[in-house]
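One chain follows as structure tokens, the form predicted on its own.
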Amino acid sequence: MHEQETKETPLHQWHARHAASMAPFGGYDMPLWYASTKEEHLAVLTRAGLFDTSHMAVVEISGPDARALLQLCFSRNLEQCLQLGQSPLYSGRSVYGVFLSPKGHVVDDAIISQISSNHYLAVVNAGMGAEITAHLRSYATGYNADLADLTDGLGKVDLQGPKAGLILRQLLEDPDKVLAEMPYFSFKGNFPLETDSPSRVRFRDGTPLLLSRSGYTGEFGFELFVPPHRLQAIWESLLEAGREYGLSPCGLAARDSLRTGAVLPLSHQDIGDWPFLNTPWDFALPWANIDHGFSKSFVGGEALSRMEEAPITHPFVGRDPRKVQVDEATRVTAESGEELGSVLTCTTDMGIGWYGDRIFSIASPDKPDDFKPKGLCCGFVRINRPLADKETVLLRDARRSIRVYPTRSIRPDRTARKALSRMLRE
């Protein structure tokens, strides 16, 4: 049996020419970093960073029963997912959730975007386009819905950081119109991209795009979908426009440390082939207001509703930047030595630090004048019992043991949800 060939994004040669440190990820040869992970991490917190995310897969769901099929297979209730569960998903808006197996285990997480009432896009993880398409198809009998795996059919980059809007505004055709009234998890543009209509979004050079106000860093920014053959030109135009704002190309290492500090999961690492319960991301389940049950029937929902016990996934933060290895031998224990579980993610958010009994970010508006972030260890553990209030735990690998503090939030003063009008001010 031959090993699957590692794929390349349309920007692969650009990465190689600019001395990126490359490594396989999700079946693609991807940049880990350029100058340094720390510099790229801090750039996103204080200026802006640009990520090649063309390895992500997109699945198109269309037809009269497209919404009904997603209601069956996707964890979020599309009729009650906006405005704190009071409003339905509508055209121009997106929502995060998961696809589950009948056992209630995660197949993959996804962002669903509604193009129209019978047309949706699901952005899933690298290498998962075919699997999610097959998963949906297995439940599509009797539904009038068409499914298309668009893997490698779109170019995608993420522009993240407080200066992202100022940079993008320089390159858009009619930027004031495009950037008006774009709340978090909304998008503008047509799909297919080349569709000519009054709602189209284009760069000044004529390149069409789907522009989404979202991302995977916890910071203000956008995801940009463009034709693959135009990706390098757009990438280079963004870097040139961002030069005066300190824009940096960023790799997957900074993407990982940023998303962890923002308490965002990595699919197949922090969520995966175990029950999707007792996590920081329980909002992705369609909880009802009455009786604490689910507000709809969906694949995996019955198994979860019958489950009496499930592991608990908990974010944590340390007191210094030291990390432990994440492997099967690394354990989580109570101070007493009681075995509690395993480490899912352990990295360093290099933009934060303790000052007294409070964590500040380098971007915190009220940080002390002499605050200098040294970085803090952070991540997720999966444990077998709830923790008592203020109970600390120990992470142990073959080299060291570190004490960490369970928490609900890690990096403070994140900007993802800030008003767009505020982020567009010089």
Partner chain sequence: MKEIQELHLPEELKYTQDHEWVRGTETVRIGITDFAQDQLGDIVFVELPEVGTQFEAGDVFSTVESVKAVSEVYTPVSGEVVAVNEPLEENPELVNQDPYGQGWIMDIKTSDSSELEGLMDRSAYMEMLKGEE
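What you see is a predicted model; the values in this text were computed from it and never measured. Residue numbers count along the first chain shown, from 1.
Heads up, the form predicted in complex with its partner chain isn't pictured, but that's what we're talking about next.
Segments offered: 59-67, 29-37, 379-387, 360-368. Contacting its partner chain in the predicted bound form at heavy atom distances within 4.5 Å is 29-37.
R76 falls outside the set of residues with a heavy atom inside 4.5 Å of its partner chain in the predicted bound form. At a distance threshold of 4.5 angstroms between non-hydrogen atoms, Q325 is in contact with its partner chain in the predicted bound form. Looking at T407, you'd find every heavy atom of it more than 4.5 angstroms from its partner chain in the predicted bound form. Its partner chain is not drawn, but in the predicted bound form it has no heavy atom within 4.5 Å of P280. Though its partner chain is absent from this view, in the predicted bound form it lies within 4.5 Å of a heavy atom of just one residue from D320, E173, D152, E131, which is D320.
With the partner omitted here, the residue from L136, M350, A284, I115 that has a non-hydrogen atom within 4.5 angstroms of its partner chain in the predicted bound form is M350. Of all the residues from 395-424, those having a non-hydrogen atom no more than 4.5 Å from its partner chain in the predicted bound form are R399, R400.
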